[in-house]
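The chain below stands alone, shown as structure tokens; this is the form predicted alone.
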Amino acid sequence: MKLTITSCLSVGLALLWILAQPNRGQAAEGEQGKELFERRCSGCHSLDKDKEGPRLQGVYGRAAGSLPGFEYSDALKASHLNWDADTLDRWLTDPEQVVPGNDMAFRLVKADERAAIIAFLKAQRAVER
């Protein structure tokens, strides 16, 4: 079998396109998470400053109720939770069920929106370090 320059270039370009696909998907998911965070969460939260809720930069992997300088509910401080994908998903679904007596009344019903926001928050952990 004889390979021509054109066929080699075609194969090379096809491989580059295939390899680029996951990155494009991740970028699109990241943008969706950022947009959803801004739409759903930014009324009470910011990444870099406390508002009605605590700043969320670096929340993924942090112990609940532990950010210095923010006044958390006694219930959240005593919860001994660590914010990972599972606890954030349960929390965003129904905060009162996860930690009765907390101060957050917001719920996010759609699982795909929760997943995108959680992925965005996880990515912000890497930005913080």
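Residue numbers here begin at 1 and follow the sequence given. Small disclaimer: the values here were computed from a predicted structure and weren't measured.
As for the form predicted in complex with a small molecule, it is not shown, yet the points below apply to it.
Against the small molecule in the model of the complex, the set G61, A111 and A119 makes no contact: no member has a heavy atom within 4.5 Å.
Within this chain, N102 lines the site of the small molecule in the model of the complex, having a heavy atom no more than 4.5 Å away. Although the partner is absent here, R40 sits close enough that one of its heavy atoms falls within 4.5 Å of the small molecule in the model of the complex. Although the partner is absent here, Q97 lies well away from the small molecule in the model of the complex, with no heavy atom inside 4.5 Å.
Remark: L47 does not count among the residues lining the small molecule in the model of the complex, judged by a heavy atom distance of 4.5 Å or less.
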